[in-house]
Ligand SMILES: NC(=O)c1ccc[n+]([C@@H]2O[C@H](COP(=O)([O-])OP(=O)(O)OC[C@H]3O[C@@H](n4cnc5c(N)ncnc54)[C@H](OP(=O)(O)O)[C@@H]3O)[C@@H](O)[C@H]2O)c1
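As a starting point, one isolated chain is supplied in structure tokens, in the form predicted on its own.
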Amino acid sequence: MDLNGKVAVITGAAVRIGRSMAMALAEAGVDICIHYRSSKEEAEQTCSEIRELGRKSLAVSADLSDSHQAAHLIMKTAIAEFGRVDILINSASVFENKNLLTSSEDDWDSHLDINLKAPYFLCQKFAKSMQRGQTGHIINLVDWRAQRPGTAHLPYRISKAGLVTLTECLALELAPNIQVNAIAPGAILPPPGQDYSYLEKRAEQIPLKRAGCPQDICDALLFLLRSDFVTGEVLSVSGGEQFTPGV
């Protein structure tokens, strides 16, 4: 796909990796609809920086726990502003370290609603919005943990495993006009409430012996969007951490 002049919707794009992806796409010539829930100031700042690059940008607030309403609002607003959407990036996520014995039903619901159900219905709205002859891309942000068993982050891990399956199934259902892929980050940013010492400790168990950075995710994103012959794939950007025993 030639990215210049295309339109992208990115959930959770006001902060962290979502913001980095929004800026990278804007630099590549993409107009951006930024979804956020509560980070209004950060979303507006990101939109301002995108406009400084000469691209159009719009911020939309929506609670992804109300999946149907959020998907409708986000896509309707983006299409009303830009006329179409070519790229959907499901980046917003809940990430909590709960196992079977420490998790509640609310933990289960919040992870599944935001990490899996919301992307499902956003993909549905996106696919239905496609115009005749239009091609598009869906990129789902998953996690290297989604493809291996473990006891930590259990509701999170299950929700991301479901998102991997959704990626693979939609790659078949939406072909040939829409390519659907996933990116599985590893240690890129410390979780909220942690500092970079968290990444230093993680680096000890990563084969490449270092943490990554948001630019690594942006590079993977641009590769997938510019490719016309990759679909249904999960691209791990983890320094090989998914192969480390006992993690």
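What you see is a predicted model, and the numbers here were worked out from it, not measured in a lab. When you see a residue number, it is the position in the sequence shown, counting from 1.
Absent from the display: the form predicted together with the ligand. The rest refers to it.
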query	finding
Location of the ligand contact in the predicted complex, chosen stretch of 218-226, 22-30, 45-53, 184-192 [non-hydrogen atom, 4.5 Å]	184-192
Proximity of Gly239 to the ligand in the predicted complex, heavy atoms at 4.5 Å	no
Residue contact check: Gln69 to the ligand in the predicted complex, 4.5 Å heavy atom	no
Any non-hydrogen atom of Ala62 within 4.5 angstroms of the ligand in the predicted complex	yes
Exercise: Leu112 in contact with the ligand in the predicted complex, heavy atom 4.5 Å	no
Non-hydrogen atom within 4.5 angstroms of the ligand in the predicted complex for each of Arg37, Ser93 and Val142	yes
Members of 152-176 lying within 4.5 angstroms of the ligand, judged by heavy atom, in the predicted complex	Tyr156, Lys160
